[in-house]
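We begin with a single chain expressed as structure tokens, specifically the form predicted on its own.
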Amino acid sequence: MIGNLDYTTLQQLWWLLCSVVGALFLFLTFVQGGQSLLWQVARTDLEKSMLINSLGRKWELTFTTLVLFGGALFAAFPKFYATSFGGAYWVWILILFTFIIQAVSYEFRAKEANLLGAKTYELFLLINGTLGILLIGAAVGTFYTGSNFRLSSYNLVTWTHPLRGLEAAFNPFNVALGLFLVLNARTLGAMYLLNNIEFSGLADLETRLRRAVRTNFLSSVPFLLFVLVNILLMRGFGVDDQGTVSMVSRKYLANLLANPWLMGLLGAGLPLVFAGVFRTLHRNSSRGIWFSGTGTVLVGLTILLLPAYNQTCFYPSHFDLQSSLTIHNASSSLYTLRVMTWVALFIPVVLAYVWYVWRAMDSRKLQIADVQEKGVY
């Protein structure tokens, strides 16, 4: 069956698979969001240890998913990988650095007589949870706003801005998307901690976490609305049958109308995000993370798919329109995509394993005794 799939279908399939991984990563940023809440909601060393040990059970999943996302893009769309990572390398180096210091922090924060002290490692976790996610949002925003590059006839990339990708953080749309992701991660992080921690003896911490859900969610809504309105009204980078790129009025709105299933993803995702917050705040539920988390995946999937389908450049160049990348001119060969698709048949096995490990780690909620007797992070 896979051998009968045509080249175009495989290209669209692999952008979908990469987008699913990217959307799952956005859900898993509850780890980064929880890290950024340490300074706000934890008032004692015990409360801080409870939060860090709860998040420490999952931090590897976020890092691994980010690496998987990059690896899948490298294999399926190597020209994009080479253009972005080869040209906009400062933004990617800085993102990677924030994740490196996250890993170092979980490893050394609780070690006796560590060189930098626990508070320094907690600052590293804050940087990863804020700056790291903000820059990822800005990088994703360039799928809509474009980047500063030109490709030669031999596909050699020339980046035309001295900041090498960091300039994306100065575009209002990109910044709004990044700030929404930071605030949404903080909302998810608070809901995850409510779901994962046993609050016997920690009632004040639970109250602060629920307050953090309200504050960060309400703060994220204006940025979400700004992003959605701009996507619907902004000009997009369209490509015709001859491969010529031009600016098209309200291109992404046209993409939504041409793909009703994308509108369905967005229409299902947004109410789920709101439902999770409502259950957390008005029903005192600890399961809001599963509603808002699922909604985040669906909204993130829409944002990643919208600039790629319906004859659209997913990595446009506003310096040289004809250098813009589409899923058709940036993908691997037909043979490579077919081989990768056979390998992808094992994805359900991997997901089943992740689900099993997750359930094993969360068979019961984290308790004070767990941290006092065998605290790790």
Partner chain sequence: MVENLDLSMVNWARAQFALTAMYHWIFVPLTLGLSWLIAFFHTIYVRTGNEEWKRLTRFWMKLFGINFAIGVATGIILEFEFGTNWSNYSWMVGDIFGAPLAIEGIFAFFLEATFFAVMFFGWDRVSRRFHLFSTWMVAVGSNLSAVWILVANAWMQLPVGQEFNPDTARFEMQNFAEVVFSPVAVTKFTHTTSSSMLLAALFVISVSSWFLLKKRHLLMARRSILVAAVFGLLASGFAAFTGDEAAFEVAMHQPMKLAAIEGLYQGETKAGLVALGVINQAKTVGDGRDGFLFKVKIPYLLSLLAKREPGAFVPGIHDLVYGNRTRDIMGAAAKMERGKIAVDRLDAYKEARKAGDEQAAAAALAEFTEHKQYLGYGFLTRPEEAVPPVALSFYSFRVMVMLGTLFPLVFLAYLYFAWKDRLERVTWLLVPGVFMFFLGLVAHEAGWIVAEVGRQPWAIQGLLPVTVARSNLTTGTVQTTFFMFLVLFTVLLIAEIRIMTRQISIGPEGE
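Note that the coordinates shown come from a computational prediction; the quantities given were computed from them, not determined experimentally. Positions refer to the first chain, counted from 1.
From this point on, the text means the form predicted together with its partner chain, which you will not see here.
**Student:** Want to guess which of 255-263, 238-246, 75-83, 284-292 is within 4.5 Å of its partner chain in the model of the complex, heavy atoms only?
**Tutor:** Checking each option against the 4.5 Å cut-off leaves 75-83.
**Student:** Between its partner chain and 100, 156 and 333, in the model of the complex, does every residue show a non-hydrogen atom at 4.5 Å or closer?
**Tutor:** All of them do, each having a heavy atom within 4.5 Å of the partner.
**Student:** Answer for residue 57 alone: is it within 4.5 Å of its partner chain in the model of the complex, judged on heavy atom distances?
**Tutor:** The answer is yes: residue 57 has a heavy atom within 4.5 Å of its partner chain.
**Student:** Is residue 107 a contact residue for its partner chain in the model of the complex, using a 4.5 Å heavy atom cut-off?
**Tutor:** Because a heavy atom of residue 107 falls inside 4.5 Å of its partner chain in the model of the complex, the answer is yes.
**Student:** Do residue 71 and its partner chain come within 4.5 Å of each other in the model of the complex, heavy atoms counted?
**Tutor:** Although its partner chain is absent here, residue 71 would touch it in the model of the complex, with heavy atoms inside 4.5 Å.
**Student:** I'd like to check something about residue 321: if you look in the model of the complex, is any of its heavy atoms closer than or equal to 4.5 Å to a heavy atom of its partner chain?
**Tutor:** Result no; residue 321 lies far from its partner chain in the model of the complex.
**Student:** In the model of the complex, which of the listed residues (93, 233, 268, 225) lies with a heavy atom within 4.5 Å of its partner chain?
**Tutor:** By the 4.5 Å heavy-atom cutoff, the listed residue in contact is 93.
**Student:** Taking its partner chain in the model of the complex, which residues along 331-354 bring a heavy atom to within 4.5 Å of it?
**Tutor:** In sequence order, 331, 332, 333, 335, 336, 339, 340, 343, 346, 347, 350, 353, 354 come within 4.5 Å of the partner.
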